[in-house]
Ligand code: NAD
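Below, in structure tokens: the form predicted alone, a single chain.
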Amino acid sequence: MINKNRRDLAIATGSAITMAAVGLPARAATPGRKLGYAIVGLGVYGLGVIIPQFKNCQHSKLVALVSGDPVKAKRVAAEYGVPERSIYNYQNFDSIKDNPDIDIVYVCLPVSMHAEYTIRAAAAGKHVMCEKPMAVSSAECEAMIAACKKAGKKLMIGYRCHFEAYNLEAVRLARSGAIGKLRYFRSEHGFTAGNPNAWRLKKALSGGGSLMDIGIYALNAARYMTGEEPIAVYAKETTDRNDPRFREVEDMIEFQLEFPSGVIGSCMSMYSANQNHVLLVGDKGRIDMEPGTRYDGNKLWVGQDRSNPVTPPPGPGATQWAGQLDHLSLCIINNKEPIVAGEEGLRDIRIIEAVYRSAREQKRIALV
């Protein structure tokens, strides 16, 4: 089971306190070199989002690339100052063990490849950041955790919202009693999927549809916003199988979460509509975020309606991604466990498996 108290302390208090809660300085100077990351996968996220963030990091730097496209890899390496000797492909990946510049491998690949490259990275003696969802099954998640523990290396899952200022402030407000006793949580996450041939619409590559992809934001938010672990789920799927996009994976799936305190969580994911919303309702008010988990432009209100917008204090990094990248570096430097370690990803996948089972069997599933 996850150490919920540690996770709650880390995410609930926000900004500088977030890092201090796990024994790490927030944006403080640490003696020695920046830790080196190898980015595995030069797709939309790895190349377009993560790599440009190293300029905002204080404790992390880009030192290596792993790609199946040598032309692209050389172009990116030249642009970001990565030496050609530190370009790898998927066949010679294991030789990263001989590169002392690489401390951390960041896996930005289709979900079906997460387990393999996490396990191989650990075997090569490297710490691992792995994108979410962690893997296609809880069994794979368990194998990833075991491999990193065996190698004595840290494993962190890329839950960027745990370092995002609006989410941190929403959690702080909820814990402070700003809306009284929490009674209800709601979140809808979705976007309109396009190309039927995209990897995320192929079950063998993605592990599932909208729930695995965008729905994990709603699920993880339900856990860190409430500070509780759900004890049961009930789910229903709505998918038009005549739509070529959804021949293999689900479109819409709604799921209800029951929490020990009596809080009810109502979540939905979808691939046929755009939505990004997080709502917490207490007996004295509400915390409303729309959008709540986007890359930018998030908004937050607290009170009875949307008449009281809130501007949060800065998060633990210059950006949520810089905060995330530096958090793992600082955990390694200070020998601390990440606030979103592999066990966090495992817990989400176990719940997702229960959601799929509930939708398939059309019954409430108790979580153990």
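Predicted model only: the values in this text are computed from it and were never measured. Throughout, we count residues from 1 along the sequence that is shown.
Below: the form predicted together with ligand NAD, not depicted.
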* Residue (of 211, 111, 129, 171) lying close to ligand NAD in the model of the complex, criterion heavy atoms within 4.5 Å -> 111
* **Contacting member of 80, 234, 199, 93, with respect to ligand NAD in the model of the complex [4.5 Å, heavy atom]** => 199
* Asked: Picking from 142-150, 246-254, 129-137, 219-227, which part of the chain touches ligand NAD in the model of the complex when contact means heavy atoms within 4.5 Å?
  -> 129-137
* So in the model of the complex, does any heavy atom of residue 205 sit within 4.5 Å of ligand NAD? -> yes
* To do: Please run the contact check for residue 338 against ligand NAD in the model of the complex: heavy atoms, 4.5 angstroms, yes or no?
  => no
* Asked: Should residue 300 be counted as a contact of ligand NAD in the model of the complex, where contact means heavy atoms within 4.5 Å?
  -> no
* Asked: residue 42 near ligand NAD in the model of the complex, any heavy atom under 4.5 Å?
  -> yes
* Would you mind checking 136-163 for residues with a heavy atom within 4.5 Å of ligand NAD in the model of the complex? => 158, 160
